[in-house]
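Included below are structure tokens for two forms of one protein chain, each presented in isolation as structure 1 and structure 2.
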Structure 1
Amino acid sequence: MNIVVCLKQILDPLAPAREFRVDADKKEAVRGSASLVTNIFCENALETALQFKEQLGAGKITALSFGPESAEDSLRKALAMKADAAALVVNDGHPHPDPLAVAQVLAAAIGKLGIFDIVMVGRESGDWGVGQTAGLLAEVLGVPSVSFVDHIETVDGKLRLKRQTDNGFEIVEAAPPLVVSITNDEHNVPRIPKTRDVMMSFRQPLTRFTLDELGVDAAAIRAGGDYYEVIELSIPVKDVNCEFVNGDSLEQKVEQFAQRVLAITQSL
């Protein structure tokens, strides 16, 4: 079973507010101001792939990322977690390509990597949270897609996928090849790699692709990043106004407080 797991590197959503910066001119978060991490849903996807491979007793997992050079860190971590191979498509253009552009690049890279059975992506990213990559990637690859999956197993030669729904979960059977978006569950919490495996991951080869090598029109990909416009991006300002209610008795204070709440409510 050949499994491709797509990883995205993002600014750490749990970084302290003091480390987070916004470039007002570019209207984007400043990379490098806070730690860069692998999107947690992508790590859930990798953990699900690792557990599936362990269940099968064989297979190959390739970690794939489309991003800047720093995305190599996410791929090295994937190798440390026991992915078998890693590939990086270097993004030297638009910092936030739209989901269709990402899907087209990933599909071209997957085509270069060879035959696949399952492509796993995170449910959504922790920065923009669009959550469209899986469906668009399946469309570009011409294969089915199953969303919000948290567990995969094989039964009678078929893939049995457990997916979360608004009312609980449902079981879906499918045959490869397909694209699966992975969500989090208590059973696919990403494992912590051993120190030795982290060190060894830097000795493993990492395949690099440029957009030209994939036959992707870089200008078209960058133009695709203009499908939305960021009007304003700012860090919320915390403003606290404290007022005291006066009165000679508790009843008077409660009455004044109620009148103040009523006035605020009516002003909204």
Structure 2
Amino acid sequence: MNIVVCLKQILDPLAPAREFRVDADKKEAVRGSASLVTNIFCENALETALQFKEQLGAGKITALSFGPESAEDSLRKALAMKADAAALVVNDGHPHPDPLAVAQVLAAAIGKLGIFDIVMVGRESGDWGVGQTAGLLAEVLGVPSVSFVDHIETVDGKLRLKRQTDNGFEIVEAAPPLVVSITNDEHNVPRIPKTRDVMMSFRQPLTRFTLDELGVDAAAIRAGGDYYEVIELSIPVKDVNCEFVNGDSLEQKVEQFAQRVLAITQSL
């Protein structure tokens, strides 16, 4: 199996909300002291791919990112987690290319990388949360897609994908090539790479593509906004004053808490 896992580097979504600022003119978050990390759902995707490869006992996993030079860090981490190869499409233009442009660039890079059986992407990113990459990528590549998958295996030579639904789960049977979006589950929590593997990852080769090399319309992607355009970005204000229950003893505090709970539940 030839698996491509797409990884996006983002501003750490777990950075505290009180430190979060936006640049209203540029319509993007201010980096500040927040670190850059790999989108967690993309790491869930890589973990799912690694487990699938382990189950098969064979296969090749290529980590692919479209982003700024710093996205190399995400790819090195993927190599440390034991992806077999890595490729970066350098985005030297618009910081937030629109979803269709992202899909077109990824599809072009996948074409350059050669044949694939499965492309895995995170269900959405922790920054813009677009949630369309898998669907659009499937359309651009002309293959089927399955969303919200958390586990893949083969049964009688066919792919079986477990996907989460609103009420439970479904088992989907599919044949490659296909695109899947990956969601989180207790079984695909990303592994922590070994120190030795982290060190080794810096010695491994990393393929780089420029937009021009991929033959995509780089000018259009640099301009951004052909599919959709961000008009405004702001931080909503929400002010609720929390009343902490007090009392001399735990007993009294819980009594007060219980009274408040009851007052609300009875008013519903």
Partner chain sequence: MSNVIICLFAANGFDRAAQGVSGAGQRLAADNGGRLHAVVIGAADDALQTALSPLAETITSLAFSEYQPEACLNTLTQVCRELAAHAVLFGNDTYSQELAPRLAYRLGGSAVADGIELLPHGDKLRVKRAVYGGKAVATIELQRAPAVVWLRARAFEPAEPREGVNAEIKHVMPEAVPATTRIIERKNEAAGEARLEDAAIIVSGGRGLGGPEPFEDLKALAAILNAQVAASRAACDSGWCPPTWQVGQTGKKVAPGLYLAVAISGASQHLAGISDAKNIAAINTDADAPIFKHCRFGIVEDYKKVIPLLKEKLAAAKS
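Quick note, the numbers are simply positions in structure 1, starting from 1. Between two forms, the rigid core is the largest collection of C-alphas that superpose within 1.5 Å. Quick caveat, the model's predicted, so the values are computed rather than measured.
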item: Panel number for the form predicted together with the partner chain; value: 2
item: Exceeds or equals 2 Å, Cα of V237 between the two structures, core fit; value: yes
item: After superposing on the core, C-alpha shift for N246 between the two structures in angstrom; value: 17.4
